[in-house]
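To begin, one chain is listed below as structure tokens, in the form predicted on its own.
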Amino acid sequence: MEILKKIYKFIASMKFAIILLIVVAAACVIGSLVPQGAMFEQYRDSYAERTAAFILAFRLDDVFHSWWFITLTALLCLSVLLCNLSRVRALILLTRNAKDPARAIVEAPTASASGIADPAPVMKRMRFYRPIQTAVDGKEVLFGYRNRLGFWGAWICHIGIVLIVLGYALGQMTLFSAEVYGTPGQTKPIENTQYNVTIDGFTTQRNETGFIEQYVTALTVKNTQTGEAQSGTSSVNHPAVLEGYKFYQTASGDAVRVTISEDGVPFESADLCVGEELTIDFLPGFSLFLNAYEPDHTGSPAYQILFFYNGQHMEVGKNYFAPGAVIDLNPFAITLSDPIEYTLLRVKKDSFAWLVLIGGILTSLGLFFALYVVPETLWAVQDEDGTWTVNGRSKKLAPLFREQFDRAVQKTEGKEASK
């Protein structure tokens, strides 16, 4: 039993909670810096081979779903909760005793003044407007208290921190993330959902010097099962929130409109973005891949297009084609348009963002109560000669309280308070 008590005391200690908080914060930083969900080859190319093996061995490629991150998060929440629960009884007693004259006046005062003819003006100047008149040990007492909620500031702040950590961890564990890209007019599905998104428009806003200031995408999200739709705009740092998902403007790139014709008669057209493959239904096994839009060997802007047949690369020309070029694949022809800008949107849904929001509000309130809501007590005891001794106590900001107390006594009685 003694060992269990020691373990409980250690887990419920603030020291252990702070250590866990630092470790969890470091893990979150690692999860943000190391690309998540990549293959070994990608880590090997970005880092050294040993580093890549280390990343996979310790699940740094999927930090927020790793057993050790979940364990650390659970321990942190448990530690802070136990730490807070262990203080509840003491805080209740402290809050209760603060309004009990018999208990409150036995503690040493922060400031005191004796020989006061009438304590009521002093208490009023100290903004204790409704003192309680009672008797303690046969002596008449005027007693006032305020701001007892200040005792709970740190406790509320800690609860808020628990909710922030828990909400962030759960949000990352269950986070939905996908990418959607396309040109104006295209409709693309959002993978693993019942929604698709239509790119209604995409504009690049430039200043008078031609420098790009903002990318703006107009989009419509439609529920394919119910037919309900919502429209909005997404720009850098201003995501659109539609159907419970956030659409972040991530990047832009070049696309080409590919028009396929037979004997000079066009019959199929599609927009192809950089990094996208286009398959042609009437030519089984045939596809083309837009690898890049970049200068060719002559320095002129050109599309680098790779052709494949049954998975095998086909050499067509030098694989670089200028905008407006017509690729002859007798009897078919492929015409390439001038470059079209496409937009890349990152779609996210955090089901526990509300928990982080509540945690943030509680943390802010807790800090406000802890720093600015100062518990104070003021009481006056009538002495045998008929005068009063006025005492005041503040467990925070004692020098400021003494200064206010002294000023109130001076304005009322014209004398210095005893420190």
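Bear in mind the structure is a predicted one, so any value in this text is a computation, not a measurement. Each residue number is its position in the shown sequence, starting from 1. By rigid core we mean the largest C-alpha set that fits within 1.5 Å across both forms.
Another form, the form predicted in complex with a small molecule, is not on view; read the next lines as being about it.
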| item | value |
| --- | --- |
| The small molecule in the model of the complex: contacting segment from 83-91, 326-334, 170-178, 262-270, heavy atom within 4.5 Å | 83-91 |
| Any non-hydrogen atom of M14 within 4.5 angstroms of the small molecule in the model of the complex | yes |
| Partner contact for T193 in the model of the complex: the small molecule, 4.5 angstroms, heavy atom | no |
| Contact label in the model of the complex: I358 to the small molecule, heavy atom within 4.5 Å | no |
| Residue contact check: I161 to the small molecule in the model of the complex, 4.5 Å heavy atom | yes |
| Contact residue in the model of the complex, from S79, T110, T250, T183 (heavy atom within 4.5 Å of the small molecule) | S79 |
| The single option of F307, F202, F143, F151 touching the small molecule in the model of the complex, heavy atom within 4.5 Å | F151 |
| Did L149 shift 2 Å or more between this form and the one not shown, C-alpha, core superposed | yes |
| Yes/no, V216 Cα shift of 2 Å or more between this form and the one not shown with rigid core fixed | no |
| Core-superposed comparison between this form and the one not shown, V356 Cα displacement 2 Å or beyond | no |
